[in-house]
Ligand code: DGL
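Here's a solo chain for you in structure tokens, the form predicted alone.
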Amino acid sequence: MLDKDTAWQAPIGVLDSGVGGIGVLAEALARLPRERFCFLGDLAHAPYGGRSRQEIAALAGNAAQRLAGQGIKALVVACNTATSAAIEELRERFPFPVIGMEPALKPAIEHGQPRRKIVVMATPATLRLDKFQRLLDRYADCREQVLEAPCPGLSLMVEREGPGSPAVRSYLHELFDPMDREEIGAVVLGCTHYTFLKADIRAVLGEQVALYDGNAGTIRQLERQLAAADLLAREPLSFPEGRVRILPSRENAQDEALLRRFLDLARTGT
């Protein structure tokens, strides 16, 4: 348990099944410039999307426990799949604020074009679990607009092949080519890995299609919860190695290098 007088100095934990949550981390670094962060990418067990709810919950719980061992003051579950499977259990288990993610369906519907389709790209697990189905139920009047697009294996392809690769472009063509592109008004990026594919998606669908992700909304919620608990950093903080401590689930230089490469990509947009 953190000392209440010094808890504001503690780092914020961010976890994902792999590199996707790095985009959420980059958003947090920009919005919360005084804070420091511990990021855990569970590359040893990625991807989560094809696993059962019980497996995902266990893996997310283990990752969160390791971050808790770093003395964190809050946890961001920067993974839609892990949020869907484990967020309630994590909130019951840990004493600090736990912030999850959900596909950005609300802004896509509110700002979308009437009668144009909204494609929700997500892992099979995210789409089948109750959390997403409850989200759909909130927008029952617009249900016919929403097309669910499960993307098995795409998150792992992002990590192994990289954005802009021929394999990624081929996958996206196979996903979107059977659809009537003239009907598509927006795409919801329901997995944090997919936020690295915005240029690829636009190359396939065209620049006119709006893309929505939950990164900014998640970090705004983190900021609100930190402020409510008087946990916002009062001065700039960092580790000896900088504002981010990378904790790959496998202790090897290759995994840390991969995570840092995607962090550079997320922060520079190149």
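Keep in mind that this is a model prediction, so the values were computed, not measured. For every residue, the number given is its place in the sequence shown, counted from 1.
Another form, the form predicted in complex with the ligand, is not on view; read the next lines as being about it.
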Choose one stretch from 128 to 136, 166 to 174, 142 to 150, 186 to 194: the one whose residues place a heavy atom within 4.5 angstroms of the ligand in the predicted bound form. 186 to 194
Taking the ligand as it sits in the predicted bound form, is F39 near enough to touch it, meaning that at least one heavy atom pair lies within 4.5 angstroms? no
Does the 4.5 Å heavy atom contact test between G214 and the ligand in the predicted bound form come out positive? no
For the stretch 49 to 75, I need every residue with any heavy atom inside 4.5 Å of the ligand in the predicted bound form, listed N to C. G49
